[in-house]
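What follows is a single chain, given as structure tokens, in the form predicted alone.
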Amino acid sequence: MTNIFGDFRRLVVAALDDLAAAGTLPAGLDFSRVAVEPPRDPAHGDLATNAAMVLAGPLKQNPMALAERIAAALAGRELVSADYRGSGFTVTAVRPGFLNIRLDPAVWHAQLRAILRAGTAYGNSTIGGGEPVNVEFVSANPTGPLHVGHGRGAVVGDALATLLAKAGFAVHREYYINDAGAQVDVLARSTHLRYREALGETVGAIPEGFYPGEYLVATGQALAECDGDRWLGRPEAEWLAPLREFAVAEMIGLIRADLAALGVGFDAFVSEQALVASGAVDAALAALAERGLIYTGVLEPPKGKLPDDWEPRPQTLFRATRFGDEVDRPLKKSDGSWTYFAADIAYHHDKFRRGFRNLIDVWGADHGGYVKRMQAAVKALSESEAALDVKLTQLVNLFDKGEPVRMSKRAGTFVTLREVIDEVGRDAFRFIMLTRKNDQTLEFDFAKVMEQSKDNPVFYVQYAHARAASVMRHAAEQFAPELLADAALAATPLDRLADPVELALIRLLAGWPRIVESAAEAHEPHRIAFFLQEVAAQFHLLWTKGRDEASLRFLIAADPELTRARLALVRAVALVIASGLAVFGVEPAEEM
């Protein structure tokens, strides 16, 4: 896939290799930090490289002098891709040691052809090399419908997984069902209460500590239809386990329906209860014990005010401090049962044994204190073969016309994800969730999300795609369909696309492969939202300029050759926007 930034970086590295071969530079230099990017100021050129700046320190050389030597080594070289054959460039060394590069317009025209040939596959990369990646996200407790915070984690995880697949990784999406803890016992008791209610009993106010949501009314009714009065008047010891199983299955069904409404699917749902029953916890901790990483000890008291339940007692501990954590971590509770951490160790050990060395977990921000211990456990279990990256998603604050929205009749205490999707639509919700970095709090105002203005990023990007589609529909009145096919537009002469605004838009579109790779490597899908907004802004600018200057309009009846060249650009805009929206799981708008 054509990527001008990657192609030129290879040219820079080849020049550096030649300097090393000639003895001007020492052999064996690390070029991993050498980058080719757009310059901060477009007036400085089309591309810029930091090669001299990052190498000058290790070489103890003047970066400006080194930049001039690299510029001389690049002079006379040709871009190797057949797309650019015959196209030239100039390189200028500028203080304090950057290299600014100007490309012939023909290089940018070649990028436009590459977009039209590739379609929405433009931007696909092979940097992942087919490496397996396990992305675990959502993993909400199976005790009720998903709330908006879960929705943000779902969108971040799903978009990140799609982004990694576009970058060439073999992605596996996974949901971990926490169905072995005390919360599912509370769910079973809450279900039993609603079950009694469904069979005609007056249950009164929901007791403290039970789940109060109206969604459990349907669960109680479903249980009554399934089992009749079988569990009435029976001791808890008889009904707790079967009702727990029934209620968890009902809640997972509810969660799956919420995720389907959001357009999110998984390759696997992994049950904590099944994992524990299989002996996975014992196996994982035995592996740690074999390496001397488990011991019995007494932890130092926590800093600050002591919790009421803290006591200086001997505990079974994991040596987490050996792997970067602040303290060693307990593996057993005072009653002898495993801690949540022990079960999570087993789960990540299971991922590793299934062949995953690249692990990504998307968690809510309230789990921030859990990150280091889990990364320590993964490092210990895999003997540093595997790496865990945890993406924490911050809160979503809901507003309507600036007023906070907090309560839900259905859930009792929170606004459900389904309520928001039903109000604004799946696409708008997904896009807005990715307009901020995952670890930043996000404000979601229903009124603004539905607003048709440039201040609404969803509308602004979708409107750009719809405008492009509208231009192509009008062009169909002037040209035969075969002349508007992507392949035909790629073959049309493009040298008349010479206006600075046109070339700036092409340069921006040509940066899509670089955005895909950098966002995938950083595990930051929100970068794509920023890029799409920039593309939309540049396209709307060109549209406005054409409205004011007749010579820059997309459709000029008296000049079919220029018109088709501009249609190639319009179509490329639509393809790149559609490619980016596909990563987000958002359908591009054809009309608005």
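Residue indices: 1-based, along the sequence shown. Throughout, rigid core stands for the largest set of C-alpha atoms superposing within 1.5 Å between the two forms. As the structure is a prediction and not an experimental result, all values here were calculated from the model.
As for the form predicted in complex with the RNA, it is not shown, yet the points below apply to it.
Residue-level contacts in the predicted complex: of 416, 375, 125, 100, one residue has a heavy atom within 4.5 Å of the RNA, and it is 100. Think of it this way: in the predicted complex, the RNA has a heavy atom of just one of 463, 347, 169, 231 within 4.5 Å, and the residue is 463. Looking at residue 425, you'd find every heavy atom of it more than 4.5 angstroms from the RNA in the predicted complex.
Contact between residue 279 and the RNA in the predicted complex is not found at the 4.5 Å heavy atom cutoff. Among heavy atoms of residue 183, some come within 4.5 Å of the RNA in the predicted complex.
Among heavy atoms of residue 490, none comes within 4.5 Å of the RNA in the predicted complex. Residues within 4.5 angstroms of the RNA in the predicted complex, judged by any non-hydrogen atom, belong to 519-527 and to none of the other stretches in 519-527, 22-30, 557-565, 64-72. In the predicted complex, no residue of the candidate spot (77, 357 and 536) has a heavy atom lying within 4.5 Å of the RNA. Residues are counted as partner-facing when one of their heavy atoms sits within 4.5 Å of the RNA in the predicted complex; in 40-63 these are 40, 41, 44, 48, 50, 53, 54, in sequence order.
Taking the rigid core as fixed, one finds a CA shift for residue 55 of 2 Å or more between the shown form and the other one.
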